[in-house]
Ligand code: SAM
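Before any questions on binding or motion, here is one chain by itself as structure tokens, the form predicted alone.
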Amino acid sequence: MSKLYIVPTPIGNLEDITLRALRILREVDLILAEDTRTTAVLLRHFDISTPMRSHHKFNEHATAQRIAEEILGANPNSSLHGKSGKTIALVSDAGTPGISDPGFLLVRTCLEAGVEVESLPGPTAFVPALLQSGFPCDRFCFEGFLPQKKGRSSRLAALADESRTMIFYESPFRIVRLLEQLGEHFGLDREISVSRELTKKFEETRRGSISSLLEYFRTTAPKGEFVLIVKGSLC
């Protein structure tokens, strides 16, 4: 039957993809990829030749409805038109689509159109970072990427008294600034764990106070994508 699959892909180490994910990527009629060049590396590695099409944050609003119609066979401009039981897989560059990546809008649109959506379990960067932080992980608050400008400071102020462990994503270009802002709102003594390049050759996790990690990254050029785990206010 026609269906949209949400397929997580490795965040670094290609061995982390599941056997089921590989089977789905081989069997579907089309793969929607955040960046087809990135996904092509994965597909070549596992000898998968399924056709791909770009689906990213810059075109998802314009294409979500059309994709839902393609799955249903209701889009006359689609190569899938008139063919029942066709399936499409959505992948991001790394990790699980919809978690700080495109995906939510397409899932919602497909569900509203009556398309079945099935999500496979798989890699997500914050899970290993959370588990190896040493902070409580039975209850946590996932914030992902904060707004780059408007609303950033007010969001951190609202989290100052958050008792659960908090999770943030950040790029290497803004990691020092984020640590400075965390220190301003949470206090420089608050404990934090910072992970980068998870599952890759140069994976690193550093733990300590915000002030100690701020000092480290001010003198050490930050590289890779970062996951910050901040201890809750009452932990």
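Remember, predicted model here, so these are calculated numbers, not experimental data. Sequential numbering from 1, following the sequence displayed.
Same protein, other form: the form predicted in complex with S-adenosylmethionine, not shown, and the subject of what follows.
In the predicted bound form, S-adenosylmethionine sits within 4.5 Å of a heavy atom of residue 197.
Residue contact with S-adenosylmethionine in the predicted bound form: residue 101 places a heavy atom within 4.5 Å of it.
Remark: residue 107 does not count among the residues lining S-adenosylmethionine in the predicted bound form, judged by a heavy atom distance of 4.5 Å or less. In the predicted bound form, S-adenosylmethionine stays beyond 4.5 Å of every heavy atom belonging to residue 165. Shown here without its partner, the chain carries 5, 39 and 119, none of which come within 4.5 Å of S-adenosylmethionine in the predicted bound form through any heavy atom. Segments offered: 133 to 141, 153 to 161, 107 to 115, 120 to 128. Contacting S-adenosylmethionine in the predicted bound form at heavy atom distances within 4.5 Å is 120 to 128. For the candidate set 60, 69, 170, 191, a heavy atom within 4.5 Å of S-adenosylmethionine in the predicted bound form is found for exactly one residue, namely 170. In the predicted bound form, the residues of 210 to 229 lying within 4.5 Å of S-adenosylmethionine by at least one heavy atom are, in order, 225, 226, 227.
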